[in-house]
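Below sits a lone chain in structure tokens, taken as the form predicted alone.
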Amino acid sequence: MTRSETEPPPLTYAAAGVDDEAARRFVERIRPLARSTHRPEVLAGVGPFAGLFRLGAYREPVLVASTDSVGTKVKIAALMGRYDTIGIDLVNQSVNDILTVGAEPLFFLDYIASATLSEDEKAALVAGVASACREAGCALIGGETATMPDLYAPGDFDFVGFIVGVVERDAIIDGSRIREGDALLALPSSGLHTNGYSLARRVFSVGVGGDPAAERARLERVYPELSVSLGEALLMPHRSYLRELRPLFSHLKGIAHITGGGAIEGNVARMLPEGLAARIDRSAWEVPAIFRLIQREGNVPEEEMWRTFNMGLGLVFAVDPADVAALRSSVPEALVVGEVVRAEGQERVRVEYGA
């Protein structure tokens, strides 16, 4: 037997699961998507090792940054073969995070990590990002697409975004002007947004490692209380509130994005100064059907629902009572959902009926 017959075949990076040529094709494919979001301040977009963005003329600019992922909502997207909407999620949740301090979005970067996502699937992710960036006036100036075999199971992926915005120092909304007696207004959510999916998936037994066909069938079911399929309801994109709130920034004393752990209670507390609390009236809005469906199908306790989900509110903001009528005239969707009160003990937010 010759030596060549005993040697293993030549091993390449592509054979190990990473195709550099495919990666180069993908960059060329998404380049026009990124370019479609560019503002005049962009000096270098997709391609170089770093994006370049020229900061415009400001008196005393403060850069504002945030990073986040869409969490396990990606499991629903993968099952349904729908990859465009979660790109919208990724941008809009980030835009909302930085608008809580009154910041204008400047630029965005994304990160996709997977083992087996196709070029079309990755392009759909970036197309969603580009669409939301254009809507927000935010430039997509770069990102990273990582192929990591052996780390991600087939079909699994992670999707992360990073945003930078700017606000004049004297225009920062930090909650310091909130006073007892201020009104709390809210804007509706468009659904779960990007939180609570680990619980929701288990309620409906989707994206939990079962038979993919059976899980897809569950997502295709149309419940009587929903106007769309369950999967479409769960994939409803995270709403951006920049367009509604941008003209009102000077009137807003504090803004809470209802996302992440703690839902309404935990997030409203983050905007309140020491010594003050919030009283929220549950009866001030109708909880959307998707949340009541989750509660019923999963036998989820009421208080667990309120701890986990936004329950129909995407953003809560504090204003002077004298400004309420004018603000609601400018943004008719805005609901008066509570008031700022003096804190009693450790409780910062009380969600109750008939506040």
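Start at 1 and count along the sequence shown; that's the residue number. Everything numeric in this text was worked out from a predicted model, so none of it was measured.
Below, we refer to the form predicted in complex with another copy of the chain, which is not included among the displayed structures.
S.K.: Pick the stretch from 122 to 130, 220 to 228, 178 to 186, 137 to 145 whose residues have a heavy atom within 4.5 Å of another copy of the chain in the model of the complex.
M.R.: Correct option: 137 to 145.
S.K.: May I ask whether Asp158, Arg202 and Gly298 all come within 4.5 angstroms of another copy of the chain in the model of the complex, judged by heavy atoms?
M.R.: Each of the three qualifies.
S.K.: Contact with another copy of the chain in the model of the complex for Phe107, defined as at least one heavy atom pair within 4.5 Å: yes or no?
M.R.: The answer is yes: Phe107 has a heavy atom within 4.5 Å of another copy of the chain.
S.K.: Taking heavy atoms and a 4.5 Å cut-off, does Pro32 contact another copy of the chain in the model of the complex?
M.R.: No, no contact at 4.5 Å.
S.K.: Is it the case that Phe249, even though its partner is missing from this view, gets within 4.5 Å of another copy of the chain in the model of the complex, heavy atoms only?
M.R.: Because no heavy atom of Phe249 falls inside 4.5 Å of another copy of the chain in the model of the complex, the answer is no.
S.K.: Is it the case that Arg243, even though its partner is missing from this view, gets within 4.5 Å of another copy of the chain in the model of the complex, heavy atoms only?
M.R.: Judged by the heavy-atom cut-off of 4.5 Å, Arg243 is well away from another copy of the chain in the model of the complex.
S.K.: Heavy atoms within 4.5 Å of another copy of the chain in the model of the complex is the criterion; list the residues of 52 to 71 that meet it.
M.R.: The stretch touches the partner through Leu52, Phe53, Arg54, Leu55, Glu60, Pro61, Val62, Leu63, Val64, Ala65, Ser66, Thr67, Asp68, Ser69, Gly71.
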